[in-house]
Structure formats: C-alpha cells, structure tokens
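Given as structure tokens, the chain that follows is alone and in the form predicted on its own.
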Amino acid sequence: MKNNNENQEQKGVTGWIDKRLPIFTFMNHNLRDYPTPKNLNYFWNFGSLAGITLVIMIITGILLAMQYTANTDLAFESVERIMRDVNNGWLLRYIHMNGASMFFIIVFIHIFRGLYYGSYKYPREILWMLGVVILLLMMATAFMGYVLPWGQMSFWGATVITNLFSAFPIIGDYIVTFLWGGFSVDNPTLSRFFVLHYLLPFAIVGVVALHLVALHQFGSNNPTGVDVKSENDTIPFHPYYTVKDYFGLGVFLIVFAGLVFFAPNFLGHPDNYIPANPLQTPAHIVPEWYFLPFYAILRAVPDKLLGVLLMFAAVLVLFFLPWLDKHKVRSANFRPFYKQFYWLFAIDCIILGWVGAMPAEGIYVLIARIATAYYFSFFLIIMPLLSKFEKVSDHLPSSISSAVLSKKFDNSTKESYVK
C-alpha cells in the first residue's frame, strides 16, 4: 500500500508540474513517441553520439578550467600540474584532448552521411545550414583549445593561423592585432583564446538546440530518401531507436576508452610537450589532424590571399549544397553516377588530409592542387551537372514501407533458396 501511495503521489506531482510546465509531455513526445522512419541504419546513430560527446567535452572542460592558468609564464606548467598532481587530472585531460578528435570523427561521418543520402535537400535546408554553423564553431573552439597548453606547436600554430588574416587588404592587419591583443602572440592572445574556448561550446549548445528543432519540424531523412507518406512508414523512437543508440554508444565508448587508456597521444604532436619558444621555430608546423585537409588547400595555392579564401570557401561552400544539387532523388543508392563521384570525393578528402601533413614541396604540392581542384569541382561543377542530366534508378521505392518489405521478401527468398 505504501508503494502504491508513493507512485500515486509521484504521478500527482509529475502531473502538477507538467500542467504548469509541460516538460514531461515535451520529453515524451520528442524522446519516446516521436515518429521516426522505420528504415534508419546505424549511420543515424552519429547525431546522438555527437550530442553525448559535446556534453563530455563541456563537463571535462569546466573541470580542467578550474585548474588551468591562462598565463604565458604558467600555462605549460599548469597543464603539467594537471597531469601529475591533480587527482585524476591525467584522465580528465586525456578525455578532453581525445574527445575533440572523436567529436570531429563523429561529425565528419555525420556530414558524409548527409552528403550520401541527400539530407541537405528540401525541406531540410535550414537543418543542414545549422549543421555547417556547428562545424564552424567546432573548428574555432578546437583551434583555440589547441593553443592553451602553450607548447611549441600551440604557439607556432597560433602564430601561423592568425597571421593568415593579414592577407585581407585594408582590414587584415587590424584583425590580426585584435586577435593577438598586441603586436605578437603573447599573454593577451592566450587570455582571449581561453575565454573564447570556454564560451564557444555553450554557443554550440544553442545552435544544436536550433538544429534539433529544425530536425523535428520535418523529421529525419532516411536511406531511401523517400518522404514519410503514412503512419506505416514510421515507428516510435523508443524503444526501437533508443536501443540502437545504446548499442552505438557502447561501441563508441569502447573505441574512445581504447584511445584514452592505450594511445592517448596517438593523434597529438610530440612537439607540443616542449614549452613554447618564440625564438625556435619547429621544423614542420602542422595543425591538428582534423584541420589538415583545409591546411592542404591553403598551401596548394602560391598566392596567400587566394589560399586563405579557398580555405574558408572549402567550408562555406557547404552552405549552398541545397541549391547546387537540385536532383529530385535524395539518396545516392538510386543515383549511380553521383555515388561514384561521391566516393571519389571521400577519397579526395583523405588525400588532402595526408598531403596536409606533408611538407609543402615537390610532388606533394602537385597532389594538393589536383585534390583541391576536384574538391571544388565536386560541389560547383559535378553536382549541378548531375542535377540536370542524371537519370533516376528504376529501383526507387514508392514508400519507406515498400522498401522495408521488399528487403524482407528478398531475405526470405535467399534463405529458402539456401535451404
């Protein structure tokens, strides 16, 4: 009787709160009963994984900020103190440091999934554009965070990247001076980057909230690219996709834990364990791996201003995808030519990342220029041409349900044939 009374009292309190602030109704609608296409595969896990990783990064970042000292004379030593003297400080730093790499891996896969399945097309243009804004904020946050340990690569990376703005005529030098807070990368620069690195993740949270609102306005895209046409095309988000997300989260945490505990410095640069020295330039200045494709584009062009413009354009061109690709079919599964060009583009991005880590000389410059040419050709030439001339595959399903049922029938036919 006591348990029943407690349950009734709990329901009463929940109902009382929900009537005045319908937070439980909101959660039930968006996290439990939310109608979701019934054919989503595991590539749709990466959206929730990105959100979970963002939370991990914010929590570990706040804890690290409590121990960090944003001063050029003390920053490197404060990081060493976190690693050696703070209880579990090494774990916090390795989670935060490798979490940035995992965050970018997840977001890059999320973006390439959207490119493959046409998730940027009508009516999800704003959803896609908000995703690009999140990517830009992530890149700014990661760059400023890389400066904070104040090692050799931190200092010289900040010097090289901030100096790029000087390529802009008239306003370039003013931008550089503003970023530096003076006439060189020094204590004011570190203080500004620390403040911005702390604040920008909360801006990312705000844009993510808008991203989710835009997502729920028209629902998720799906592997067929066909719109939801009836209730038979959808299933409740819980338990079907929460279980799928839990499985994906388990795999992600295993990989993440393996990186943190067994190879924590695998994706870092050894020079960043040397204190910053303005009088000694490293032999080869390279940014973090997730910036390497854009760094390769920057160095592929001999003109500094053009290289900077192309580097920014490599991200900004993503904003215009909904208007560059107007083909009526979303999914690359039913666009044979687009699928081939898409995989060439994926290989091209890997090549750009590899070249970005190499010295800007000899054959590497030629490869970078060819890869850069294909990168922009894919968006600005190939996509518009395919939008006009590529024919639709005969296997395009009429609905999500018909695609799911046809797969079931195909599998049952194969099983009976094997028997």
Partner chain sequence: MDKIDSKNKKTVSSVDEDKRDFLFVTTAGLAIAGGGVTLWSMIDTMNPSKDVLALASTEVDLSPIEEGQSLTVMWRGKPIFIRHRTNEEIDDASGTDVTNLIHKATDESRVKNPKWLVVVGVCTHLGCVPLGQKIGDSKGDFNGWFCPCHGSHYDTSGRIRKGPAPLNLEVPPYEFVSDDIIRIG
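Positions refer to the first chain, counted from 1. Just so it is clear, the structure is predicted and the values come from calculations on it, not from any experiment.
Form predicted together with its partner chain: not shown, discussed below.
Contact between Ser377 and its partner chain in the predicted complex is not found at the 4.5 Å heavy atom cutoff. Residue contact check for Pro236: one or more of its heavy atoms lie within 4.5 Å of its partner chain in the predicted complex. Taking the partner from elsewhere, Gln67 is found to have a heavy atom lying within 4.5 Å of its partner chain in the predicted complex.
Although the partner is absent here, Leu190 is not a contact residue: none of its heavy atoms lies within 4.5 angstroms of its partner chain in the predicted complex. Proximity to its partner chain in the predicted complex, defined as a heavy atom within 4.5 Å, singles out one entry of Leu179, Leu92, Leu137, Met102, which is Leu92. When you look in the predicted complex, the only residue of Phe320, Tyr240, Phe312, Tyr174 with a non-hydrogen atom within 4.5 Å of its partner chain is Tyr240. With its partner chain omitted here, the record of contacts in the predicted complex names 77-85 of 182-190, 270-278, 121-129, 77-85, defined by a heavy atom within 4.5 Å. In the predicted complex, just one residue of 11-50 lies within 4.5 Å of its partner chain by at least one heavy atom: Lys38.
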